[in-house]
Structures are given as structure tokens and as C-alpha cells.
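Only one chain is given next, in C-alpha cells, and it is the form predicted alone.
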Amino acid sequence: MSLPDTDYDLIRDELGRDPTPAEGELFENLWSEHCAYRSSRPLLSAFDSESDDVVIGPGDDAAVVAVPLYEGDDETYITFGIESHNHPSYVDPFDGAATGVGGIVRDTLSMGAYPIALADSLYFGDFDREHSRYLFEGVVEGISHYGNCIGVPTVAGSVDFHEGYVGNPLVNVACVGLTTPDRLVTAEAQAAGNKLVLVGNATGRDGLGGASFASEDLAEDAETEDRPAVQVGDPYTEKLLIEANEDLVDEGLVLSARDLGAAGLGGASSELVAKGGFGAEIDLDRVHQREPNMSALEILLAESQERMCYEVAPEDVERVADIAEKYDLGCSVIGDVADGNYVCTFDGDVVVDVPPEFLADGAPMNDLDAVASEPQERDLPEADLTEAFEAVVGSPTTASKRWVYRQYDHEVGIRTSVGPGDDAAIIALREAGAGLALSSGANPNWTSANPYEGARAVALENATNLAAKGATPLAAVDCLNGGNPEKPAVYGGFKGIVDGLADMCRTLSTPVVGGNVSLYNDSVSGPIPPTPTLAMVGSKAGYDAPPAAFSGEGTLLLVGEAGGALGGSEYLAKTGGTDRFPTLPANPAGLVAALAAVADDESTLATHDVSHGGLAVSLAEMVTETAGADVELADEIALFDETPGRVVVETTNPEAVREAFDGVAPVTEIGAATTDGTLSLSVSDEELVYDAASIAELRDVIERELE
């Protein structure tokens, strides 16, 4: 990738001369789609990002949100961020995914926070393809290796398989951190004369041009030709960096900070000083390096991992160096925050001398054509009920993900109250007497069928996941993934998911406090489906929640209103046919609030949301060896409809549930839990009966095929 002629002319006009080679490469990376959001920024104003709980919203390395206090008087903040590592994970699935984890963790460190939880949402091509399985196994191994080594639990997430990701998988990772008001740090330089200090791994040549690489379509030979653009991670150094950062923040030595991610040192240092309204004077010869004869351009743009850029008062530099030495980390005083331009010297020569705000924020925005997709009409197949049930419940997308999360240490840190495999994870924030619920995911079937309504459904599903565990939504971050935006149909789908997420989050009064955009997820196989991964957190008093498994002792209620259609469903993906997208609930905010209250009631024995695969999957997932259900439904649409905002509730007090939802959403009795470990379904005039072992055989397809 190289600078377009129009960009080059703009830069030359601003500088009054031709840019140097180092400046040209720096502009190419920082003005790339990956860094500058040239195609997406005009759309992102659709999001509401403010609430009484939001301390820092979009624009920093991570958002900061105040947690409601249920105990005590000391304010507790969480940090929340999300990023993608899509192209790197195609080229090298292990290192690509691992360094995605490392990057989002360092975003957390930049805010003065300690990372306490990860969530990953992963998207691959059809599971029956050998290459999709290779990518899947490599990505999961990379995430588990890095997360386990640094001691941060991976507690939530999602995995989807869809033909649209054959040539371009998606790896979206979110991180939650914990901090307090007195420890808060931002990425905004504070004063001229302060020192810029680089702490962490030595700089090598890995990850060169990673930002520009992530801003173009994947070529057919990407797995070999683009390998140098993929970073190589070292989780053991990251762990040392986490602990060193804690000491630095505890002692008040960090005035501002930015992790070295996209565009490396050049990106982190220029953005940090520009955000504060300053420039910088940097001597690239001072950067500690691990490879000989590195050029200025390589030092500036290498995306070597496990590095942080700190602004430090001159009198504190020696103490920072002592702490770095304590943790066996490299430390270089590379320059100063200064008034004026962003200036870098190398071997005695000035190689960069540009206005910092122009470098960081001067990229012109793209004005692109958008064409919306046409909604689908009903053309349902004539499918055998038994075959359809087994195909949907046994689909790799809806099947058990135990093979994935059993590789993650989700209990390290002793905060995980509800772990992966449930609707949402719950992390114990004992400092506030609060349980922090976390959900993450999207559904490419939904957003392929209808980008706008599908994205609204994604937001509602995540909120429903939290509410099913008794939590009220607090904030969300998004990772907006799309294909080549220069294609009008692709950009139209991308615009649809932006507007859909924004509208539903606004309806739910849930601010979208940060996010990431990943475009040009396009290959010889075509563009990916528009994929709006949403990670959402909610809070509740205490850390307990009803399970997502039958107890065998209560009445089964379905709360929420079905949308009466199968568009975007796993049923149609398996059987063929089309349909309109389901109509979403009229009062989603009221529904979520009522559900959270019901979930926390002592008469509630179990709760599980209805989404991927519809009631067929939800009911199957709730069956255990000792508890099952007898359920009666009207027809196949009722069994496979995936309308979110619905939950199966097992309760000993059905009337209390009806009262809670009176005037909010319908409540339908669908059967009773049993103690025989069998799911007995009556659908119209057909009967389906599956014991726990048979259901497990269907749902264990991933583990069975990969072991």
C-alpha cells in the first residue's frame, strides 16, 4: 500500500516540501483506514456515548465507566475496550490472535487500570473446511496461550461459522480493567519539558506496516507474502509489563501513557503529544533495539509487542528506570514533550518534522456511495422436523463451545463467579459489592439477512444476556467489521449495522463508550458479512445468578414476544429458504429491566435467553442428566424463531413473573421441568424426544471432530 496521489499532494502543501521517506511511511500508516477511520468516522456520530456513569468515552485507549456502588463509599471504575486482529489472524492464526490479546490488555494499562477479564468473539468459514479448522484451532491456541500466561481470565465470547469468512476470519477481543479515580491515566500529554520514556520489549522488525496491511483486502498469497506484517508476542514479558505498570501508577510516576500498537512508536508518541496540543523531540538512536542496523523507518513503524510509551516528569525518570530494571524490562528515555512540531532525529539527521495534529488528525474523510440491501421475502422450505432439529442443535455455530473455553483459564484472579458457557459471565467487584456481567458477540446470519434490524437484534441479545443473569446494562463497546467500503453494497451494509447498533443501544439507554473499526475484510472469496461485534457490561448487587440449566422443579415460561419469522435463522441456514427478519419487541428497555428483576427473584430457578437456533437450542442447552422438560409449541416457527429479547424462565411462582411483565411483554407457559433428563417436545402434531446423552452427542460436534 502507498499514499494516494491526493494525500501526497495534501501533505506536500502542508509541509511546503516533499515528505521524507520516513514521513511518507508515517503518514501512510497513520492516515490508513485502520488508524484514521476515513470511511467510518462520518457514520460514528450516530452513537450516544454519554451517561452519568461514563467518565471517559471514545477517543482514548479505553473507555472508563463508574460502577454503581452497592457496598462501601469508595468509587470504583472499570475500563472497557475492544479491538480486532483480523488480517494478522489469517496470515498467522496463533501469533495474530495472541498479539490481539496483548494489544487490548496494554490499552487497559494505558488508563492506569489492571486487566481483570477478557472476552473474545471469533468468526470463521464453514466448519467442514479444513482451512477453517486450521485457523480456528490456531486462533484459540493463541488466545489461550497469551491470556493464560499473563493471568487474565477469558470469561465470555462467541464463535460463529459462516461461509462469508472463508477468506477472512475475524478475531475481536474485549478487555475489562479495574481502577480508581486517583489512579486514572489518559493518553493526553500534560506539559512541554516532560520526558518520553519507552518501557518494555526491545524493538525489532516484526509487524512493519501492520496498520496499512490491515487497511487493504487480503491477497491470495497473503499467508506467505504478508507474514512480516504480523507481530510476534511474548506473554511473559507482557505479564512483567502489567506488574511494572501497576508499580508506576501506584507511585504516581505516569503523567500520560499510550501502548505501542498500530504504527508502532511513531503512532503512539505522535498521537499522545497531539492529543495534548504539543509536539515532541525524539532521538530514534536512543530506542532500545533487538536487531542490528535498524533504519529510522523501521524503528518508527515496527509493531513489536509489549511496549509502552510514558510521559514522565524529568525528576522521576530515574525511578521509572529502577522499576523497569526490577521487572527486567528495557527502558529508554527517547525524547521530550515539546512545543511545536513532532520531530524525530536519527544518526544526527532530522528524518521527521511535521505538525503533530496534522499527522494525527489531518487525514481527509472518504465520501462513499452506500446501497442498502433489499429485505427478504418468505419462501420457507418443507423440512422434516427431526432432521431440522438435529441439524440446528448440532450445527457448529450453535453447538457447545466447551472445546474452546476449556482451554482458557477463566478462574485466574479469583473474581469469576459465572464463567463461560452461560448467557453472560459475572465478575466479582468486591470493592463495590457489585457483580459485573459481561456478554460479547454478533450473529452474521442476522446481519446478512438485514444489516439494520440484525444489528438492532445483536444489541438486544447482549442486553438480554446480561438481564438473564440479573444485571442491568451499563455500557457497551463495539467492533464494527466490514468488507471493502469502496463497494456500495458493502458500505450500505456497514452503514446499516452502525445505525442499527446505535438505535438499539440508545433505546436501551446504554452508551457506546468506545470501539474499533475493521474494514477491507475482503478477499478472493468476497467480502465478509457486515459484523457488528458488541461487548456489553452490566451491574448487579452481589455475584450470584440463576443457572442456564433446568433444576427439574418448576414451571417453564417463555417471556418476550416472538417476531413471527425465520429470517436470519440457523434453521434456514441449514434447510434453505428465506424469510423476513423477525419483528423486534416494542419495549426492549422495559423488557430488559423486568427480566433483570425476575432473574434475581428467589423463586426463579433457571434462566436462559433465546437467540441462535431459537427455542430448539435454548431448551436443549438447559437439559442435564438429572433435569429435562416437557414442552408444547404451536409450530416449527415457534421452535426455530430467533427473535432476541426472549428468555426461558423456570420458576416456582409463575404468577409473580406475569405480574413483573404486565404491560411490558407477553408471558407464555410452555411446559414444565422434569427430573428425567429428557427433552420431550410436542410441536403441532409431532413429537420429539431426546435424552441428555443424545443431546450431548449432537452438541459436542466441535470437540468430537477436533479431538
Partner chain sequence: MTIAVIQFGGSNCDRDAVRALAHLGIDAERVWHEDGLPEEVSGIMLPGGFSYGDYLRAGAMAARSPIMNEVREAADDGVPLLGVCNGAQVGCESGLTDGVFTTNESARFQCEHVFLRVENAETPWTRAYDEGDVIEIPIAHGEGRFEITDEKYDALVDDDRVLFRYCDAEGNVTDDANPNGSTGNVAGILGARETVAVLMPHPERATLPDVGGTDGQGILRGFTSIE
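Residue numbers count along the first chain shown, from 1. Model, not experiment: these values are computed from the prediction.
There is another form of this protein, the form predicted in complex with the partner chain, and it is not shown here; the text below is about that form.
Of the heavy atoms in residue 410, some are within 4.5 Å of the partner chain in the model of the complex. The partner chain in the model of the complex is not approached by residue 281, whose heavy atoms all lie more than 4.5 angstroms from it. The partner chain is not drawn, but in the model of the complex it has no heavy atom within 4.5 Å of residue 191. Remark: residue 127 does not count among the residues lining the partner chain in the model of the complex, judged by a heavy atom distance of 4.5 Å or less. Here is the short version: of 599, 391, 338, 150, the single residue with a heavy atom within 4.5 Å of the partner chain in the model of the complex is 150. Exactly one listed residue, out of 503, 243, 71, 635, brings a non-hydrogen atom to within 4.5 Å of the partner chain in the model of the complex: 243. Per the 4.5 Å heavy atom criterion, the partner chain in the model of the complex is contacted by stretch 243-251, the sole one of 474-482, 259-267, 455-463, 243-251.
Looking at the partner chain in the model of the complex, residues 137, 430 and 707 each place a heavy atom within 4.5 Å of it.
Annotation for 315-329: interface residues with the partner chain in the model of the complex are 326, 327 [heavy atom within 4.5 Å].
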